[in-house]
Every structure is written in structure tokens, then in C-alpha cells.
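Below, in C-alpha cells: the form predicted alone, a single chain.
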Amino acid sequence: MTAEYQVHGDVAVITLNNPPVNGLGLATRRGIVEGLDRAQADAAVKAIVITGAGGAFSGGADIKEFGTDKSLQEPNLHSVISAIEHCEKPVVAAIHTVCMGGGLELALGCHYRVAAPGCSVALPEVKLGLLPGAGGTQRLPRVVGVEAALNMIVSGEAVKSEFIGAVAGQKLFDKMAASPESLAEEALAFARSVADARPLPLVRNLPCKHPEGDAYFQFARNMVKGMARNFPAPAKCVDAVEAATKKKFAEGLATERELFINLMWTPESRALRHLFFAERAASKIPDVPSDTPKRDIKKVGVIGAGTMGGGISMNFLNAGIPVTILETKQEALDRGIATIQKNYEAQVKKGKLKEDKYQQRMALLSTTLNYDDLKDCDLIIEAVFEELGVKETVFKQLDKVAKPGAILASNTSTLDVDKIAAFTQRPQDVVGMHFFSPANVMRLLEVVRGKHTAKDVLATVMAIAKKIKKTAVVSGVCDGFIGNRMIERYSQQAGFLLDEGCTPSQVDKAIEKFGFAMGPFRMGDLAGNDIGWAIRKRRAVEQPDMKYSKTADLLCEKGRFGQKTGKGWYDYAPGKRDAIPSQEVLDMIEQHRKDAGIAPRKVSDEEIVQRLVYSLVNEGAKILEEGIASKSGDIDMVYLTGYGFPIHRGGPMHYASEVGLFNVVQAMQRFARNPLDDARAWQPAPLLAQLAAEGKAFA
């Protein structure tokens, strides 16, 4: 039963029971209506309470039904709310813990609402590119005021029930319970106290006005336009709330419904819904059951106090987990600790962190120059120089001192985790944990599964990633894993575009207009162009037939490594990050073309975007074929959270499916005929070619 019915004396209680958040799926909706019918048919029942079992009143729509016929079948949520409003006996919502989306809309349809303190209340549909579709934009302004309601709807952020309850004049809650524990009894008592009340109050009958309506809504539109330029939903939320103030309730409801349906069909909403599901699916590993036992992580060791080591350490300190940082020299330790302190002090100065929290976190940090001091760590992460010989020295030492069952992780971004594991006598305990820089800020964590990595190690690392607020994606072992393997093809195309007639700023501006956080040349300057140079040198030995533009090597030969040297593809003023086009670089590129006998041509922004993005897509398809990633959504999560791919496009694989894989393959075949490009790079991956031929998508 997803909606249980019980009678407590003269009050019927309908309890939503659809774990984990009592989603309002079809069975639950039917159960509510059946419970209402039973209560109305029972002369002994004087009032009805609707509440939720477990840790939620209701989190809204059942995500398992998204995009299925069940989400459309009657009774839909509108019908359920109508049944409540037409109930002849008072219906009281007993709200606790989580009341969001359709759950809040359900509560707004009840005659009365009793809330427990600490309950998170929200209409978060805007985060899926939608607006509340079951009366939320029409009812919420009537109970909390137009401005407060619009702020909640446009932001999608949760507000605590006691905060709303303390606002004078609000009509959302008729009573605040003394505590979550007393909610059930207080809701029953309240229901009995209103059993004879007539007429029954309806939120829809409350007035909804703004004293300066036109001016306020124009101001609101201007605000959301600047904040959400790539997403249509926030502006439509303003339209819907404005309708609540200017139209009769039924007309406003119709307006809301029309806007909701139109948003459902937008590519932006499809992208956000894809992101919603992909993020949840990323934590699920096909052959690692959710009930796999996890190892206890009470103390973490980090080897290396540089930029990565310090950032990695901060993640664990923020989560209240003690960290010991190991370095080879005291000066390096001192520099690393000073950087961590500086980062925290900046947060304190900005008001993002309280002084006592800062002190608590620093108290969890210890340092050492001796490997023996890591013997009681449950998880040890190395963040040393990206060279296999250096990793070998570290892991052989760890194998000697780490306790049995300790997880040994490498922060390598490209190297073979199986080779690293082979440096130990415990390959089952070795895993890749590839953090992205700055590690204390970036959400992405690539979890690299070695050939021998134990399932409980994977389960533990995925759980600890969640604890330190990372989006973890599992990758198999290959050169560059998911993200860096794909970005190499992207960077390769960026170089060819320079050969053919583009400037670095033209390429960057085209892809940034598409929505990327930064283009390939600004990204190279930020990361350090010498990193790519080292990879290309390795490629020259391992894959001598791999084709690249020579411009990046010429740049590095001039010592232009990027922001850290004050010059890269762009020039940089001391202490600033503004990318200034460099005449030296433009002259270098022009001379390279002359030396290679290349006549430059005009390249359109459309071609720039397609070549950069489709190079990612084709390599992503190979990664899927090889089983390096288990699903296309994992690849999208890597690029959305680690590489600045535009969220409103949904990730490279989702975007390709939106464009149509047939169209992607057609464009690739066109690029393959370009003599200055690498025709092999545009040979469609068999999976991509197959899906395109069958008219299918990645997901």
C-alpha cells in the first residue's frame, strides 16, 4: 500500500507510504482518493488528516513515473486536489521533514495545514526547467504573499517551516506543532477542533493582489532575465504568478497549465531532467549492489601538500574527517598549510564560514614527514607528480605501512591505475580518485575502477564522495579515463582550427557563446599548456602516427605556459586573469601556416562548435563501447560538473541526441573530407554509426 488508511476515533488518517520521499505516483494518488471516499462514507469520521510515513510528508512527483503513461493517468494531481477541496469533511495536512513540489501543492489543496518545525518547504520545479503544474503558482501567493511566493518559485530553494510560520500574516500554516515528535497528536487534536467548521476554507478563495503589480512584475522579469538567460522557466514563473494576481483562480490555473506544458517540450527542460536522472544514476554501479558493505573511513591520509593535495584535504576537513598530510620537506608542508589557511580565511572574510568552524576544521588537520604516521589511516590518497615512477615509489612505501583494509587511492588524471595497483601486494584495495582542480571547489570526482578493485572499495569510495559533496562517476582504466581522454580530441580539433584560419579568441568566443564556461585556449592557459605538451611528447613515442597541430608545441617552446607564466595563448597582466589577445601568438600562428603552406580560410562559428563538440561525442561513444563508462549519462555528468559544458545543453551525449545522431554522423563525414583535419578522428564509432542508422539516441 502506498497510501495507508487508519481511523483514530473520529479522525481518519491517510498516510502516504511510497519510499524514499513519498512520491505522488499513480498508486499513491489513487490511495489518497480512495481514503477520502472511505472517510466520507463513514459517519463516525468527522475529519481527515493526510501525512507522510518515514522521512517526508511528500517530495512531490514520483521520479520513476517521469515520462511514462502513469504520470498522465487519472487521478492526476489536479484531480486529487480537487477531490480534497470538494471533500465535505475538513482535511488537514500534517506536514513534516520534506514538503516539496507536488507535495506542497497537495498540502495547499487541503483545508488546513499543521507543520512541524524543521520541515523543508519548496517548489523546486524550476530546477527541472519547469514551473509548478498543479496550482503551486496560483495558491502559494495567496498564503505567503506574492513576493515571497515568487522568490520561492523562481529560485526553487527550500525554506524552513518555522521561518515561514514566524512571518506575520502568512496563511500557509494554521498551526505550528511544538516538535516533529508531537506533530501526529497535535494534528489529530487540530482536526477534531475544526470538525464542525463550515464553510471549509479553500486557499483558492483567498485574495491575491500586489499593490504595485505592473511595476513589480516588470522588475521581476528584468531580474530573472539577467540571472537565467539560457533558461526560459524562471520568466514563465513570473508570468504564472502574475496571472494569479490578475485573473480568476480557474483562469490562472489554466494559464499555469499551458505554461507548464509548453516548458515540458523545451530542450532546456529536457536537458535539466536528463541531468536530474543522470546524477542519481551515476551513483549506481551495475554489478555493485546498493547493500554492499562499506569500509569505515574515520581518518584520511593525503600525500602531497601542493595545490591538489591541499584542496583534497579541505574536502575531508569540511566533512569533519581528520586528515594527515605527508610531504617530503618541511618547507613544502608549511606552504601547503598556509594555502589551506588562506582559503579558509577568505571564506571567513566573505561571511561564508564562521570563525569557530574554521578553527574546528584546522584542528582536524595534522602533518608529517614520516610514512609511519599514516599507519592508522583508513583511506590514503596520493596527490604527487603525474609520473609513473614517482607513483611507484609512493605506493610501494604505502604498501609497507598502511594497515590491512586501508584503501589506497591515486589522484592520477591519466596514468594506468592497474599498473599503480601492481606496485602493491593488495591491488584489491587500490582505486583511482581523480579530483578536479581546484579540488575543494569542483564537484566532479572520477572514481577509476581497476581490474582488481574490490566491490566494497568502490561502494565505500562512492559513499565517501557523497559525504564530501562530490558528484562521483565511475570510469574504467584507459589513458585519460573519461574526461581527459575526450578533451584530448577536443583540443586536437582546436589546434586544427588555428591551422585553418581561426584565432584563439575566435574559437574561444564561439564555444563560449554556445555556453561553455571557457574555450579551449583559455582553458589551456588556466590548466598550464606544459601539461598538454608533456602528453603530446608521450604520444609521440606511444602513437607516432597521431596527428596534431604544431602550434601548441611552438607556443610551449616559447615558454608560454599560461597564466602561471603571465603568457600563454593570451597575455596576462600581473595579478589579473583577463585574457588579452597576443600579437606574438598571432604572428607565430601566421608564420606556422606559411611554413606549412596552408592558405587560411574563413571558418564559421557553427563549424567551430560542431567540430569541438562532435569530437567529444565520437570519443564518448568509443568509451561507451569499450565499457569505460557504463552509461551515456555518466559521460554527460563528467562534462557538466568537471569541464564547463553548458548545463542547458545537457552534456555532449544528450546534446548529440537532441541534434539527432544521423545529423551528427553526416557532419562528421563532411569534416573527414577536410585534408587539414585528421580523417581517422572523424571515423564514426561503431556504436554511434549503429544508433544513427537505427534512428536511436544514446539514452
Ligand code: 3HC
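Note that the coordinates shown come from a computational prediction; the quantities given were computed from them, not determined experimentally. Residue indices: 1-based, along the sequence shown.
Just so it is clear, the following notes concern the form predicted together with this ligand, a form of the same protein that is not shown.
Undergrad: Of 621-629, 471-479, 192-200, 279-287, which is the one stretch near this ligand in the predicted complex, taking non-hydrogen atoms within 4.5 angstroms as near?
TA: Comparing against this ligand in the predicted complex, the contact stretch is 279-287.
Undergrad: Here the chain is shown alone; which of 13, 21, 681, 691 has a heavy atom within 4.5 Å of this ligand in the predicted complex?
TA: Of 13, 21, 681, 691, the residue with a heavy atom within 4.5 Å of this ligand in the predicted complex is 21.
Undergrad: Can you pick the one in 633, 652, 60, 52 that has a heavy atom within 4.5 Å of this ligand in the predicted complex?
TA: Going through each option in turn, the one that passes is 60.
Undergrad: In the predicted complex, does each of 128, 132 and 260 have a heavy atom within 4.5 Å of this ligand?
TA: All three within 4.5 Å in the predicted complex.
Undergrad: Taking heavy atoms only, is residue 101 within 4.5 angstroms of this ligand in the predicted complex?
TA: Residue 101 belongs to the contact set for this ligand.
Undergrad: Examine residue 662 and determine whether its closest non-hydrogen atom to this ligand in the predicted complex is within 4.5 angstroms.
TA: So residue 662 does not count as contacting this ligand.
Undergrad: Contact with this ligand in the predicted complex for residue 612, defined as at least one heavy atom pair within 4.5 Å: yes or no?
TA: Residue 612 lies outside the contact set for this ligand.
Undergrad: Counting only non-hydrogen atoms and a 4.5 angstroms cut-off, does residue 124 reach this ligand in the predicted complex?
TA: Yes, residue 124 lies within 4.5 Å of this ligand in the predicted complex.
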